[in-house]
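Only one chain is given next, in structure tokens, and it is the form predicted on its own.
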């Protein structure tokens, strides 16, 4: 019961001369919502493709439900609901045909739940997918990803390019899934405010490496913005362990900081300064500071 849903160890993936994933390790426990954030090209989608068994690890291991998704795709994919930005679906089908087609693959398909989602997403069962808007197709994709109540929901930029109303629908459905069923979710997005709403763990990816992977509350508690007042004016900011970014001049400098607040007070005192103001950071501000520092 305590086995991880996803366990990745020392994963390496190269495409020609480019190292897309560089010694990546990640563990996702049951019932966790993991937010995967990073710039375009950081390696998020490549990582997700390994989880789905679409790419084979060149080095390291990938286990999903304790199985190798490449050698046992049926055992792994039968437990995963997946929605991507591309929303690859047979667009020649109508919504009710897509539902019937998808239900044939999954013994756990819940017709009552599917009809509830159909009504909730305001989808016309007779509408052809090719004639629907991107937002409507995303709703349809989320419906078939959720209707068989998968143990793991994998969402790769599911709301990218969608209007705020559709994004709200998708996020609301994800939040209800988490609350009602306690499902495990791997949620990749560049919209950090959305990730912050649903995730309880966060992994920041940059150039194929994991910069941070921890509980979201822990990450937020360990980052702050502070203003330091120095006894004498400075021509440049000092070297201070844990500092990510600096701005200011003269006696007053602002920094974003990763570490314990008490350690910052002690370090500032050694530099001949005192902390006169401090404030917490949003996930987006932490991301910008960490990526900028890296």
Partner chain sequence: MIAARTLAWSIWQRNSRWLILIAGYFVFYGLVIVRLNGTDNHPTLFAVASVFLIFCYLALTGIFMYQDTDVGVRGSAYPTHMFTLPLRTYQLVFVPMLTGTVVFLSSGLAITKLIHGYYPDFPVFWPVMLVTATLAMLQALFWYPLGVPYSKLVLTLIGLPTLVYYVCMPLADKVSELIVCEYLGLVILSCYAIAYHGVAMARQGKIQLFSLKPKITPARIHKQSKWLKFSSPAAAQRWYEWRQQGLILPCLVLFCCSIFSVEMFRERGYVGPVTAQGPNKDGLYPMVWPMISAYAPLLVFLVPVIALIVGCGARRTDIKHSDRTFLLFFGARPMSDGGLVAQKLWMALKSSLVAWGIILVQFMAMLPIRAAVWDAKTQVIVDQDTTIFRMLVSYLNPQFIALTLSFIFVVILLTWRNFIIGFWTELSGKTWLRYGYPIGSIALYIGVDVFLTRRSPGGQPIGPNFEQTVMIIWAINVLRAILATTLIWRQLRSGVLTPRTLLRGAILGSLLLASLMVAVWFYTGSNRPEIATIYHSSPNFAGSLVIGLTVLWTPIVRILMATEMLHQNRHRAT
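Every value quoted in this text rests on a predicted model; they were computed, and no experiment measured them. Residue numbers count along the first chain shown, from 1.
The following text describes the form predicted together with its partner chain, which does not appear among the structures shown.
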| So in the predicted bound form, does residue 49 come within 4.5 Å of its partner chain, heavy atom to heavy atom? | yes
| query | Closest heavy atom of residue 188 to its partner chain in the predicted bound form, within 4.5 Å or not? | reply | no
| its partner chain contact in the predicted bound form: residue 58, any heavy atom under 4.5 Å | yes
| Partner proximity in the predicted bound form: residue 184 to its partner chain, non-hydrogen atom cutoff 4.5 Å | no
| task | Counting only non-hydrogen atoms, choose the one of 217 to 225, 120 to 128, 167 to 175, 189 to 197 that falls within 4.5 Å of its partner chain in the predicted bound form. | result | 120 to 128
| its partner chain: the contacting residue among 147, 98, 210, 154 in the predicted bound form [heavy atom, 4.5 Å] | 98
